[in-house]
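Okay, so here's just one chain, in structure tokens, the form predicted on its own.
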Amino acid sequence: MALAARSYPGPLANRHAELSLKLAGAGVGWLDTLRADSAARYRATGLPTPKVEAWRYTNLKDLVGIDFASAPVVGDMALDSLPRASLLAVNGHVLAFVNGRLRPDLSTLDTLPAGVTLLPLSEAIHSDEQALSAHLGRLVEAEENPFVDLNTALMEDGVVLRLADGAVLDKPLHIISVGAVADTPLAFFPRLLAVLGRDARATIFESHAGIGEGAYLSAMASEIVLGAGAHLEHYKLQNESQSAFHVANTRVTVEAGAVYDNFVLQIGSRLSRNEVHTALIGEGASCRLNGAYLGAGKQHLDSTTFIDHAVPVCASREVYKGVLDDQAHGVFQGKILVRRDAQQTDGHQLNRALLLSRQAEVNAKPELEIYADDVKCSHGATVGELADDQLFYLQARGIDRETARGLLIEAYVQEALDEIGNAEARLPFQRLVGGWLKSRKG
């Protein structure tokens, strides 16, 4: 009874044996074992209910009630049919996926610099098997996460990026994932594996969007390994269709002197949860986990983070800001763990939420768990409304109330966008934030 109270039956749980025979790489021994072990754990645990502390504020009952099918291959699609206005406007290498499968006709992969290997997962399984088997599943194999297990069991395609020591990716990599659904609810499970060698540098953008009104589940899992001195800028837009469910899990290890810079903007989906776990495992490592979430209607937007300061002299900074209107529900769960030997840790965490409606709701759970004594750590969480005195100030200068509200909200969100380390990377996010504000005004 206790297990039943703490878990839901998971979608596609009983179809792994049937579906696995059709997956890319079926018959490759180590991959079959990895998928089978993950499927077994997923069947044993199911999906968490709010009785599980980590899922206390995000209830999956609506997702569980949908009979998802494995996403089929989508026929020919013109490049101009992609929802360009819903994607980040980024110039770079493009790998486009529709319902979790690579579309070469929608991708533009130019000549890569020396030391850079970039392959779709379905191809890397065969052409880069040795390197793939050394890393795929290694960052997530010891944890209990049913969505990661589901992804590993049923991953069909994705991206494998490897940089040798000192290599630099000349242009950003833009990963586009589009859900295209008609009548049958679909589920797909893209995978990202990025391994950067010593002093390597790269920038990755992700855009997640949808076409049509049908329900779908996009359950992405990412594993990122940064060697000593490496630097990765990782920026993401979650702008799925309003009937979609988006659950993403990212696991990162950061070695000595390496930097992981992450920013996530969530504005789409019916229900989403973006989870980022970062382990600082080498002295002098640092990470920045920042983001913004803009919700309206009955959207549910969950941002969950965990930063593990495992060794001394590491730094982390985390700023998340949310704007919620109508009956939208926002969740921020952020935990910083400072282990006993992690002296001279510098960790900062801040979450702020702005409520535009009396029916909007936010749950914030900031946590510090510190076992070292020579540290500089802080955290905070605030929830508020637009200040009347600021509105009055703008209106007194001839600005109508609706425009004044928009200016204040935009300035509020801009503080989160300013946390993006790359100034050029802010521009496409600013455009989308402006579009969201216009839609609310309309």
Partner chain sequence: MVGTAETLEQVQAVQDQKYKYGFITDIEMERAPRGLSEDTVRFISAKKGEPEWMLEWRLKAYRHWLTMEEPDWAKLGYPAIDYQDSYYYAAPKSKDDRPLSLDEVDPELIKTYEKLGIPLQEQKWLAGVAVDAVFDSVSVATTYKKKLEEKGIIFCSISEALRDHGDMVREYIGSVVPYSDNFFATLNSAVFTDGSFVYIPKGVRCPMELSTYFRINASETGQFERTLIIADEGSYVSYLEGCTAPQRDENQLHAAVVELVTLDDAEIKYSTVQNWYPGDENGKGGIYNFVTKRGACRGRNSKIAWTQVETGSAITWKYPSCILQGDNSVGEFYSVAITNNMQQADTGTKMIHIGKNTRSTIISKGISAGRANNTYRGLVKIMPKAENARNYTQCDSLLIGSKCGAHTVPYIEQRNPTAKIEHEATTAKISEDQLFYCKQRGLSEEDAVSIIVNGFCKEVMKELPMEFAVEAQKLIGISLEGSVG
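Positions refer to the first chain, counted from 1. Because the structure is predicted, anything quoted here is derived from the model rather than measured.
FYI, the form predicted together with the partner chain isn't displayed, but the following is about it.
Heavy atoms within 4.5 Å of the partner chain in the model of the complex are found in exactly one of 197-205, 112-120, 212-220, 356-364, that being 356-364.
Across the proposed site, D373, H379 and G384 without exception bring a heavy atom within 4.5 Å of the partner chain in the model of the complex. Although the partner is absent from this view, L368 contacts the partner chain in the model of the complex, with a non-hydrogen atom inside 4.5 angstroms. Taking the partner from elsewhere, E53 is found to have a heavy atom lying within 4.5 Å of the partner chain in the model of the complex. For Y57, a non-hydrogen atom is located within 4.5 Å of the partner chain in the model of the complex, even though that partner is not displayed. Residue contact with the partner chain in the model of the complex: Q327 places no heavy atom within 4.5 Å of it. None of S133, Q343, T108, Q242 but one reaches within 4.5 angstroms of the partner chain in the model of the complex through a heavy atom, and that residue is Q343.
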